[in-house]
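Below, in structure tokens: the form predicted alone, a single chain.
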């Protein structure tokens, strides 16, 4: 085994050969433990790959879109008898998969709640309109209700990050996994990626530490393989994974209709979409890039393309991606096994750093480039896919901003309004106002049909209503 001195010499030589010798400028001031930790971090850095990323994405610039863009025609929302009949058939197929225990849930929950002014994992953010349940609890209760409805056990794979893994695990333990079997909740960490400054240099955020950021939800394939999650899925006999993100309060978890369409299309990876609010809503759209399925980022569409219209007058690029997918376990295992290299996406961001004197600086303008991979880029590797259109008001309300659109206030509003529609469909007179406080626990009903079968009694909607 090499000594610390030998490791230092070898890594310093490697770093210097790529023009990164500055990372050792504070070496003499580090303790022995700090040196050991620092060398371990550096050993995991692929300097050659980073140089390639700089040359491709920063130094040489990058065209917004390279190739031909085409819209896709999603499976439409069922609005007639034939469509409803087809959806009923898809639901039966998806429900059978759930009953057979062949479906797992895959949650991306690596983010912190800092943008919401919340200190801790975003999944711990309290969100429901009456009981103030957290995002994690809301999703857990949906899974528990699905287990009861289909007499099954749906394993839950939760991707955390380096910054919130320990706190997330402790939170679930503290709450006894919200009634789920502990052995059915599998935590795994996503990878981390160094950032670069405008000249391609690594950024120190401490004297003995290089700044890194999570490698994006596209890093999930490598993480699933690295942590043994894929092996666990295969041992359980899972065939499908329902992928979602922690901040969507309206997600129809393990939606059997979606699973049914995925199976019917013999798809490897499928996606849910909803029409954009307007031409300039900042969401990616599912489309084709050089003939391959994928998500066209908002920033990659010109204003002309954003506003382009189809023959029926609707937006041409209108299949807004809502980050909900079904994936074949065999497809996931295949991509992870051959170390699929999804493309990197680059973001110019403010990154805290240590200056030459060792002082920590919080920049007031973007000073570095973060690299991330996105899971939707795996759509390009599919032979078949089901792109399913859904109602935004029923399935998509993310919590991303402290206020304004996609905030806790709009999420609580959207939940209350959805439950109000359930009441109205059953003949109740619910006031048409924005400040309703209505909450239906997943333990009572997962959807409008189950709600209609159970609801009875009278309710005072001038006060908070909880079922």
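Numbering follows the first chain given and starts at 1. Given the structure is predicted, the values throughout are model-derived calculations rather than measurements.
Heads up, the form predicted in complex with a small molecule isn't pictured, but that's what we're talking about next.
This chain lacks the partner; the member of 288, 345, 217, 201 within 4.5 angstroms of the small molecule in the model of the complex by a non-hydrogen atom is 217. Checked against the small molecule in the model of the complex, the residues 110, 94, 104, 194 give one hit for a heavy atom within 4.5 Å, which is 110. Of the stretches 241-249, 380-388, 202-210, 265-273, only 241-249 has residues with a heavy atom within 4.5 Å of the small molecule in the model of the complex.
Taking non-hydrogen atoms only, residue 372 approaches the small molecule to within 4.5 angstroms in the model of the complex. Among heavy atoms of residue 122, some come within 4.5 Å of the small molecule in the model of the complex. Heavy atoms of residue 114 reach within 4.5 Å of the small molecule in the model of the complex, making it an interface residue. The small molecule is not drawn, but in the model of the complex it has a heavy atom within 4.5 Å of residue 400.
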